[in-house]
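Listed next as structure tokens is one chain, alone, in the form predicted on its own.
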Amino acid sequence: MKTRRTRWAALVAAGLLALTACGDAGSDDDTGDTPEVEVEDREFEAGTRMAELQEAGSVKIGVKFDQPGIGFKTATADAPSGFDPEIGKILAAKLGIEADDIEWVETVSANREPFLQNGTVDFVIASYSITDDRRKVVGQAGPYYVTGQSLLVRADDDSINGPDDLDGKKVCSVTGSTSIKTVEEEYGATPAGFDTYSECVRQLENDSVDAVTTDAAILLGYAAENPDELKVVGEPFSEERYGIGYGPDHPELCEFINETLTEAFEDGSWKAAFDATLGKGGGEAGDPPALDPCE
């Protein structure tokens, strides 16, 4: 248990250090020096979802468009940047699909399960924490990254220094996220749900809410963009294990995803993806997380 806790703490620290030092975490320049991913030519068993996607030559991947360093897209960018899109490129390459043939679909927290259930996307890689409840309705493989929940407040607000200060405070997060459920049920916060974290940050800047909560790495990205107005307070108070979502009718994708992640951990492409995104500020990727077995 101590080893797992130490590994998680190192990963969280790496993400925080990276984004604290990276004030342009969400700029278009993020896409300019991402690592090349070699597209593979391999055979999959006929009738599997992998074979179908390979034959189609394209894949739809749901990612966030409003999370600097994780998944971010401006109006002028051709594709989203961030760690999650880089993981998506690695996954597509294992299917023999070029990055240019990926259709990136903006995915907010509330529509991740519906998108997978309805076939709107083939995969969701969108800061998608693995939970037992989600695994009852969709597939989730991984984790490929571990972080922790934290709090973003106004720079001049000294009344909130951690989750124990949230009782009666109005706290914003995205509708359907585990973060908003945690602060309401465990810390007595009044929840305010919106579709995106960017909307929550605007609510915070306008004094409409007292804090924004989600994973620490995401919040540091927003604080780095506006350090005079915003700050992240306290230590991370949860463990969020990011997984790759897939449709409930294609359980064979779990082994494929885990195999892909294992190879990425071993050949350095996972670390290269981290270094090109969350690691731009000088943070270290640390050890890859242990993968959950497929059932």
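Computed from a predicted model, the values in this text were never measured in an experiment. When you see a residue number, it is the position in the sequence shown, counting from 1.
One more form of this protein, predicted in complex with a small molecule, exists but is not displayed; see below.
Tyr128 near the small molecule in the predicted complex, any heavy atom under 4.5 Å? Result yes; Tyr128 sits at the interface with the small molecule in the predicted complex.
Can you check whether Asp122 is within 4.5 Å of the small molecule in the predicted complex, heavy atom basis? Judged by the heavy-atom cut-off of 4.5 Å, Asp122 is well away from the small molecule in the predicted complex.
Residue contact check: Ser150 to the small molecule in the predicted complex, 4.5 Å heavy atom: Although the small molecule is absent here, Ser150 would stay clear of it in the predicted complex, with no heavy atoms inside 4.5 Å.
With the partner left out here, check for me: in the predicted complex, does some heavy atom of Tyr246 sit within 4.5 Å of the small molecule? Flag for Tyr246 set to no.
Among 62-70, 224-232, 258-266, 43-51, the region lying within 4.5 Å of the small molecule in the predicted complex by heavy atom distance: One stretch meets the cut-off, namely 62-70.
Every residue of Ser109, Asp215 and Ile218 near the small molecule in the predicted complex, heavy atom within 4.5 Å: Every residue of the candidate spot has a heavy atom within 4.5 Å of the small molecule in the predicted complex.
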